[in-house]
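Only one chain is shown below, in structure tokens, and it's the form predicted alone.
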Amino acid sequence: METITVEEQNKTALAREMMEKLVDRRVLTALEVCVRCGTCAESCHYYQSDPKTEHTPYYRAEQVRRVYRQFMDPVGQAFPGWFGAKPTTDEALSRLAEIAFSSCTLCHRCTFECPFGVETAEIMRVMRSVATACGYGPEMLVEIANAAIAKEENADLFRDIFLDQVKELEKEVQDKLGSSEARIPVNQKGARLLYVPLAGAHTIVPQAIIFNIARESWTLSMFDTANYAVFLGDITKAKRIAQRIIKEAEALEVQEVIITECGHGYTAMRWDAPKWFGHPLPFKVRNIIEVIDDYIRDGVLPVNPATNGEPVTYHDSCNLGRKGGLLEEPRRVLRAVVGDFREMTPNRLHSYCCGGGSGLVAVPEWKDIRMQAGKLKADQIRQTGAKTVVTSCDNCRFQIGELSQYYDLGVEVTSVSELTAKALV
């Protein structure tokens, strides 16, 4: 019989408390409804790229079910050996954290393929929350989440640096447009749109060019949209990170908050934040792709698809596409701004994850796992013959860029915004 230390007993108590708090009817259904049919195996990019039992969604979820039975199932509590329930030791919790964080990207593809709609990703979310609360959250993800909170707490220290950087980027926009009148407004009260970027000029300059051409009333957020606490399952921190943008939008009295091409940032602000805070947000939330789609439809942006003449394919971000519903908007834009658009197969709701989502790209020691899990996506890209891969998520962009090098794809990876700015007449 395994000996449980006092520290492990404390962690077990915390794990039990977290699980009892997080297992609602939706998660309980996912835990109990699965009939172990194995349909989910073929739906998973991990399994497709490396067919092992431990790479199936069922196997991953079953490891969490054992903990659930130990904590919350009366029969499992009375007769743990019947259902494989085991004492939650330090080693066991560490292994569960590894499964939840590095062996599942929460892409939800298995849910769409499951005949019963079992949401394995929700089970993994619960396990991530439990692991983080017990101190097993990946250190890099914890540091990035804490840094986002620290930026708001020390906003005055960052503001001058941020404004200097924006001035430099504004000059770049003016040079590209050939106009000294072009602006990147900051802290503009009463603007119609608050645009929330990511760290990096590629999420500010092309969008600023587009906004200036469209003569939009907009202002740039001081904060970026990344919310790595979502990956950790740490809702307390996730709310604090989202609150930065909410307070800024309210202070500036904007009508809409526009999220850059970031899968999890969009999902967190548009779908999760209203649930976290228990009420609708006082402004509309959209993605920049939706705005560009409107501009092109309304004839605001004059574009020439011949500018982007090489074959282009599009990778559906799991968060924006399968989970967020933005499936046709990016395709309408791409068909307007590129000359040769090619689809991967499968695509849209059934698109495979690139293998780098849900925080994996931020943890260096997981690179080998990412490259293996992304093999299927690399094969899909190669089959299109495309020279450029467009994706609406920065994590996907980083992952596909590394896949290109690892599997010698020879493709350039870019965004919908960048190709649109390039196609402007």
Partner chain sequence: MSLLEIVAAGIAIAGGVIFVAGIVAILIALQRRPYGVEMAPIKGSPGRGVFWSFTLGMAPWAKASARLHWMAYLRGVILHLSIFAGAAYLIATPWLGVMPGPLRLSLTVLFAIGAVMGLAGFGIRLANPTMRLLSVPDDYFALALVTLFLASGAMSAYSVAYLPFFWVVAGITLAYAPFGKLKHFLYFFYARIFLGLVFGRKNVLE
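Numbering follows the first chain given and starts at 1. This is a predicted model, so every value here is computed, not measured.
Below, we turn to the form predicted together with its partner chain, even though it does not appear here.
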Legend entry - Triple contact flag Lys21, Thr56 and Arg348 to its partner chain in the predicted bound form, non-hydrogen atom at 4.5 angstroms: yes
Legend entry - its partner chain contact at Asp50 in the predicted bound form, heavy atom, 4.5 Å: no
Inset, instruction - Indicate whether Pro280 is a 4.5 Å heavy atom neighbour of its partner chain in the predicted bound form. - result: yes
Inset, instruction - Please check if Arg286 has a heavy atom lying within 4.5 Å of any heavy atom of its partner chain in the predicted bound form. - result: no
Legend entry - Residue contact check: Lys375 to its partner chain in the predicted bound form, 4.5 Å heavy atom: no
Legend entry - Heavy atom within 4.5 Å of its partner chain in the predicted bound form - the one residue of Glu256, Glu113, Glu170, Glu248 that qualifies: Glu113
Inset, instruction - Among 123-131, 232-240, 327-335, 177-185, mark the stretch whose residues have heavy atoms within 4.5 Å of its partner chain in the predicted bound form. - result: 327-335
Legend entry - Residues from 266-289 in contact with its partner chain (non-hydrogen atom within 4.5 Å) in the predicted bound form: Arg270, Trp271, Pro274, Lys275, Gly278, His279, Pro280
